[in-house]
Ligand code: ADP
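Only one chain is shown below, in structure tokens, and it's the form predicted alone.
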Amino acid sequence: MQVKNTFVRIVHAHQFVLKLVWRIDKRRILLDLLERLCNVYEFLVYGALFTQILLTLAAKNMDYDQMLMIIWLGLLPRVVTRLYLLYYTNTAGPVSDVRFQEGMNKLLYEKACQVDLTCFEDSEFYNQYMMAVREAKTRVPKMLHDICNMAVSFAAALLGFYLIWRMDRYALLFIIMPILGNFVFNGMLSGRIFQLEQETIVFTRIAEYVNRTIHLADYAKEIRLSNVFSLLGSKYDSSVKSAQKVVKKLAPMNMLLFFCFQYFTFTLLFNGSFLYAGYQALVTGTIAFAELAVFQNFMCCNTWNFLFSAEAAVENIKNSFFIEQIEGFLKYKPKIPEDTDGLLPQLPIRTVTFSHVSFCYQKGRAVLKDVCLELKEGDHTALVGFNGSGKSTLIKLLLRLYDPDEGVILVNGTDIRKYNLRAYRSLFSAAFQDGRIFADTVEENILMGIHRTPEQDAETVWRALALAGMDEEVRSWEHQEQTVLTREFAKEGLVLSGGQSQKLLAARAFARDCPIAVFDEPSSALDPIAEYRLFQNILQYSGKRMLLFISHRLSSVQNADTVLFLENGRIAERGSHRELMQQGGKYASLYLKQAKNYQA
């Protein structure tokens, strides 16, 4: 039953690979088939059959000129095959590799951009995701090559078996040796190697994480100003030791299987067949001495063909496990597809309503619980509360990065799940406290790929920088808005401070003309004066727009029309700043504590 299941999995993996390669680069299949055919010709046809023909003709005392003509005729196809092999190795193969890598990357990138954010919090899926991204660009072309190798070599091996059978039937017994070596012992070894990969990938990820943190500038200050390096070192040592335990556990049987594979596949086959042929030629006389070279040639050529076929088959067994991971990732269907079609939102946006919305990232751990609220056109609403109260989650649900587990979110009275997703998200200009700066110019980091005319782009960029309070600073830089950020690709790239990064992220939001503005902790790295100015500009930018923003500094929310105080996933208090202060509840208590600290 297990063998049957393995066979079905391999066949399915073959079908998937062939369809995938056909989709990306149809020529690749033909190129690999021709390359393998040329190699088989070199081994079997030219190396064995042609040699047999020449020896047979020589034994019949053929005329020298005729013999020379046959030799030249036999060389011509070999010249053609050799030229093609050179073309494949130096031109066609590398060009096809680049073309395939490009096509495979596009598929992986498209799928990676489709993956639901919840998947990044699922370690099992993330392991599969990392394995797919890491292995796809090498495993898929390798498996295609092995499929071609297996098909052509197997056909050539059958022809070789027939030719050997005609010379000596008992010699075929030696073929059993590589069958045992490859399909039994090496097959078992391949399964255990995949098991090794699966059991160590978690430890590999930990080691890679430590390597990344040690080398990136983002972590340099903390490493130098604390003892965290020892913690990272212990994590690294622990992951290495854990991986070593897995290796040690599997190593003894792996060594035994590898020995059996080598012994049955090579030692018994080559040495055994050579001794057998020599015995038949020198002792029994059943093979003429001249035929001994032909026989051994056949055995060698056919053995290598069989070995190529068997090796390709075993490699396919091993690769099929990885192909399943790749296929699983590429066929993953997101809960919120990025290409979701539907209704187009109609402007103006009059209302945004949360109706009994609940949500949890993991089962049993609710982040939002039965949230009900309504935002109206022109409302400026502040979300405040302690860490983990659900503020950022509420915004993520509004942006439809996640969908509620219970309840519904309505925009203009329509369930947001009925809208075209791209059109719906275009309603929002957003800035997040954990937003990222990309390795590109200031201009591109603000426009984020949305371009009009050069004049309009420049106007948009400088207006956004002015609202973010960063225009004068950028004008002082040598390349101004064309300054390259980060040193990922440019030694002269500018590395922004935390405050500068937050201003640039705010400018990214200011650059968009959308009916709803969302700011999630846009000023946590700014000094009080810069923060005050930024919030004044946020209010100026928002104007008649609907504004939803989060701030831990309650001094920034006094001018909001409505303040929502969240606690444990629920809206505990709501009202204007004045109303909540008069209530003397938790918001007022927190505000007074912060004000006291500022006064001190």
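What you see is a predicted model; the values in this text were computed from it and never measured. Residue indices: 1-based, along the sequence shown.
Quick note: we don't show the form predicted in complex with the named molecule, though the next part is all about it.
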Binding-site state, shown form vs the named molecule in the model of the complex, superposed, 3 or more atoms under 2.4 Å of backbone or C-beta = open
message = Exactly one residue in 393, 502, 429, 190 has a non-hydrogen atom within 4.5 Å of the named molecule in the model of the complex; which is it?
response = 393
query = Only one of 258, 183, 279, 361 has a non-hydrogen atom within 4.5 angstroms of the named molecule in the model of the complex; which is it?
reply = 361
message = Please pick out the stretch from 379-387, 333-341, 406-414, 487-495 that is in contact with the named molecule in the model of the complex, where contact means heavy atoms within 4.5 Å.
response = 379-387
message = Check residue 154 for me: does it contact the named molecule in the model of the complex (non-hydrogen atoms, 4.5 angstroms)?
response = no
query = Does residue 219 reach the named molecule in the model of the complex if we count a contact as any heavy atom within 4.5 Å?
reply = no
Contact of residue 131 with the named molecule in the model of the complex (heavy atom, 4.5 Å) = no
inquiry  = So, residue 446 and the named molecule: in the model of the complex, are they within 4.5 Å at any heavy atom pair?
reply    = no
ask   = Looking at the named molecule in the model of the complex, which residues in 475-495 have at least one heavy atom within 4.5 Å of it?
value = none
